[in-house]
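Single chain ahead, by itself, as structure tokens, in the form predicted alone.
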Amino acid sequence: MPKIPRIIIYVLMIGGCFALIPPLVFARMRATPSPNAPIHIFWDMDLQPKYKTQAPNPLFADQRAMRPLVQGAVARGESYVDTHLYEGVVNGQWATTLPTSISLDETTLNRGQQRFNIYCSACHGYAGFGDGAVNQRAMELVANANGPVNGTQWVAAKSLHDDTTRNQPMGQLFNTVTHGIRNMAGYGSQISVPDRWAIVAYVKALQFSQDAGSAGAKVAGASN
């Protein structure tokens, strides 16, 4: 077998080293942030002419690029004129029924049960008696003077079946879910409007399930 000349070996080694330079450069470019603007072969809309925030604009008489909101303009879908749907209020009073856009059916109740179990049952319990896992643990810590209380204060979760809560109209319950009450935080930013109404419908179903006997007796007495 003929011997490879030493010069060829050196050339191949040097060529191999040079061949590694581009991948190393690309790897460094991907891993290291650069203060320089990226190279745009095709500009598309990345570098379009525009006025930035707070920049002057001679096109308008007030020389401002940022335009004030048009008086009376309302974004589509954000009018919130339906106070029954968005506030639980009808003619200045708490609504006693669901909004017309919310159907009282099995689908709504199932959705309300699912949302209730996720957001409410931790404190109020799955049946709404205020015996959720979080509430039970907090009450144990507060009651145990020798435990790791560290000055913790806890207000027991309210039972949804006591007279005060059971007699609340649907609109008032919706307001509580939305904005919270006393130590309970509101869930308006976490739960959509239809889901909040679904929770209210499910809470009413829970309450009726525990008071159906007396309610039935009242109805029977009235019919006689």
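Since the model is a prediction, treat every value here as computed from it, not as a measurement. Heads up: residue numbers just count along the shown sequence, starting at 1.
Below, we refer to the form predicted together with a small molecule, which is not included among the displayed structures.
- Using a 4.5 angstroms limit between non-hydrogen atoms, A198 is distant from the small molecule in the predicted complex.
- By the criterion of a heavy atom within 4.5 Å, V89 is excluded from the residues contacting the small molecule in the predicted complex.
- Shown alone here, V177 lies within 4.5 Å of the small molecule in the predicted complex, counting heavy atoms only.
- The closest heavy atom approach of I181 to the small molecule in the predicted complex falls within 4.5 Å.
- This chain is displayed without the small molecule, yet in the predicted complex the stretch 116-124 from 95-103, 76-84, 116-124, 136-144 comes within 4.5 Å of it by heavy atoms.
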